[in-house]
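So this first bit is one chain, no partners, the form predicted alone, shown in structure tokens.
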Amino acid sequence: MAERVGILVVSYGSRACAVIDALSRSGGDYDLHFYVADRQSNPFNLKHADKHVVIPDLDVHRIRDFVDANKDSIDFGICCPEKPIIEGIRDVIERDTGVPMICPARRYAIEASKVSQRLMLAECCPEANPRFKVFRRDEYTTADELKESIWAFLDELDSGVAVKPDRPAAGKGVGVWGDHFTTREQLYEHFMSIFGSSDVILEEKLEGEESSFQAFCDGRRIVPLPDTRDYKRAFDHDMGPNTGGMGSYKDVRDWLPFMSERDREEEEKIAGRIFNALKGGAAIKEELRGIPLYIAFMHTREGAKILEINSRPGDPEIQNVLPVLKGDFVDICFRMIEGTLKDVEFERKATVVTYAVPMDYGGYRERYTGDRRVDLSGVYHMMTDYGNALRVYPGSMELRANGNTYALGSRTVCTVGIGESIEEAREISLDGIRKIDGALWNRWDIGASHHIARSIARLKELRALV
């Protein structure tokens, strides 16, 4: 008889659907029951949940109350979005209910401060740190003094910097010289739009190709997941503002086409040093279990540099990985909790994630006042033809009382294509996107061969200059 397992999933967006989907594919040893604390009435989560509660602000104490009311039926929980992790969801739920959580504890929510990240990296991995300068709000008494300090740092780097808020902004608060502004006055305007509510860090603009590195952790060790490539900019050809991510791809191998195996080994070595620094010499640091290291690397002529580090699954990057996970994800979760995780295997398949988003997302339209109803029946019907090669994960979408589903303000739904090559996976993902009925738009070049060829040529050219 199958063992009953109850699982809490704290959800915002498509990555939670990918987690539930991966858990649902576990073998016949488990009779699974999901308890979902959700930001909205996500139709995928509603379909799979035994109990579902909507908590629009994902307040940690309201989630705790939901868990407490069901704690005798829940074996463990997984938190997907960053906000509750930063606010201490693991600390609160484990202390008040005894339910173990798969996510880092509050003090290891490393994405809570970009400044703290840079200072830590300066100690453990200085070679992976770009040059940077911190501007704290309480250190400047006049605007002239602040501006003079900014200009002095810009002189050091010939204005080639990225402007970042200290606190998380879902990838949307970052401005980069040459991409988002081309004059110092434009840069200063962006700087001041952040400085009113957060300390600001200026970082050396890095030239190279980006990869996303994620790792499961049981407190004793980190187990790396395959690399992925995220597309942050809103429009094709990497134009437009930064978004939460318009899509991503994963190659058949654990590293990306523009990388070498040596690049991958360098990533793992740097991640290991960061993990050891976080552990502080302890044999086991249970507060780190989950995905404590989701690192955005930039591969430059000098080697791998770190753009930022997060302490939760990537969105869209985790959607590339979980559909090709081999083995039983429930078992993997139990091993993370027990501290016995040693390795994780993946199918040798490529995956491409493409997001469809609302008309007014990313500045595609300034306003959209039309119908926001979205019908996924066409793409669900297509899944019967593609089988396991196509996944559909609703994100910022809700099911309403009239039985219809509607797009909300952020990324609406993603399709995941799985294939023997990136190009095959891309075509499957786009086939799915075309079958979605609704006023949505998407990038068409996620994982495109010309984009990958450009990345390969660009990194080769950079490294030829060494």
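Please read these numbers as outputs of a predicted model, since none were measured by experiment. When you see a residue number, it is the position in the sequence shown, counting from 1.
Omitted here: the form predicted together with ligand AMP. The next part is about that form.
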Practice prompt. Using heavy atoms only and a 4.5 Å cut-off, determine which of Arg335, Arg372, Lys205, Lys285 is in contact with ligand AMP in the predicted complex.
Written response: Lys205
Worksheet item: Given that ligand AMP is left out here, which of Asp218, Asp75, Glu308, Glu267 has a heavy atom within 4.5 Å of it in the predicted complex?
Response: Glu308
Item to complete: Within 4.5 Å of ligand AMP in the predicted complex, counting heavy atoms only, one of 300-308, 95-103, 373-381, 357-365 shows up; tell me which.
Response: 300-308
Practice prompt. Give a yes/no on whether Lys349 approaches ligand AMP to within 4.5 Å in the predicted complex, heavy atoms considered.
Written response: no
Discussion item. Contact with ligand AMP in the predicted complex for Lys232, defined as at least one heavy atom pair within 4.5 Å: yes or no?
Written reply: yes
Discussion item. Asn242 versus ligand AMP, in the predicted complex: is there a non-hydrogen atom within 4.5 Å?
Written reply: yes
Discussion item. Can you work out whether Val174 and ligand AMP are in contact in the predicted complex, taking contact to mean some heavy atom pair no more than 4.5 Å apart?
Written reply: yes
Worksheet entry | Neighbours of ligand AMP in the predicted complex among 88-126 [non-hydrogen atom within 4.5 angstroms] | Lys114
